[in-house]
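Starting off, we have a lone chain in the form predicted on its own, written out as structure tokens.
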Amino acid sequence: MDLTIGPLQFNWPAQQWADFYARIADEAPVDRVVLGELVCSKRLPFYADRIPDAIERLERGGKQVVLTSLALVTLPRERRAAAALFEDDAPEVEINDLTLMRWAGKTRPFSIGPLVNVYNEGTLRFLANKGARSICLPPELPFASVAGLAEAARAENVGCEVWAFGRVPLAISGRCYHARVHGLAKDSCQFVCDRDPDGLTVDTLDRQAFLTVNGVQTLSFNCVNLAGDIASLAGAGVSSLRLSPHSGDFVRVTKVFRSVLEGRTDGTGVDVELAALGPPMPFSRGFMFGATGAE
């Protein structure tokens, strides 16, 4: 089973972004890294000039590099940027908006990200026949569905990946929640989402942490953690686990998962260690195993 680092979902300063991927390249025991901007195209110019160096260093470190698409392509400049992802000398593309399928095909490597609703075997087979090399399943799927889709993926000879760590992406909007919280318009947001490196917590009226907002994106407050379920996922035929970046010692997070994968650590005993490596986020596995996160 492989380990994939998904695209950074948050707005980090360019130097922090570069330092993060330098450490991943040199120290993280992962197989695949997805780079680029998933959430808001306005963030990309701050670090776009650092992407080529990050790709080169990651590949030198033995990682496969994949470029992500935006989750929601709406503007002409975003469409042009999406088309540029499929230039001949570019790495594999992870599609998170199906409008990009117009440029994808069997002659150009691409994969499917977790924001595409692959809920059944028919959808998986359709995407596989279009040339998808791997599919990261939506994080809200239950285990029985994951097992069925993993079996279908094996039959189509495509990879099947599961979201195994990180706050879950729930929705993307044309409206910027971060800007609104600070009394700003989306077009003049002043990039206030950079004040919250792991998202801004949203409480219920009873002051219970409920969701997280990240610019135009809504995520869970809880952090999915399937480290204790790796054996079950491997037995179901899942070929890769996705770890979503957060602040803290994320390289150590990848090492914990690798240790469980290789049988050097018991997955049932790593929650305390993982909790100490990142921001204060309660762990949850409710989507996968049929219980609410609070339980």
Partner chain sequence: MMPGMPIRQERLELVCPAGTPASLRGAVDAGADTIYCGFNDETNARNFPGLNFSRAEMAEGIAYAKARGAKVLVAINTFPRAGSEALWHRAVDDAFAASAHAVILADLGLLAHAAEKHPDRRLHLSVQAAAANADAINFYAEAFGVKRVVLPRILTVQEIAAINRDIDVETEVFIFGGLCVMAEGRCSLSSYATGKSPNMNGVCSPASHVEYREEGGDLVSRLGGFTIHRVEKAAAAPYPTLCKGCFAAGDYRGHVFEDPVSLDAVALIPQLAKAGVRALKIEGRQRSKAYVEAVVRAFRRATEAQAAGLPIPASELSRLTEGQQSTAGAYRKTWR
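Positions refer to the first chain, counted from 1. Note that the coordinates shown come from a computational prediction; the quantities given were computed from them, not determined experimentally.
There is another form of this protein, the form predicted in complex with the partner chain, and it is not shown here; the text below is about that form.
The contact with the partner chain in the predicted complex, taken as any heavy atom within 4.5 Å, belongs to Glu121 out of Glu156, Asp194, Glu92, Glu121. Using a 4.5 Å cut-off to the partner chain in the predicted complex, each of Met101, Arg175 and Phe287 places a heavy atom inside that distance. In the predicted complex, the partner chain sits within 4.5 Å of a heavy atom of Asp97. Among heavy atoms of Phe86, none comes within 4.5 Å of the partner chain in the predicted complex. The partner chain in the predicted complex comes within 4.5 Å of a heavy atom belonging to Glu140. With a 4.5 Å cutoff on heavy atoms, Arg108 does not count as touching the partner chain in the predicted complex; it lies far away.
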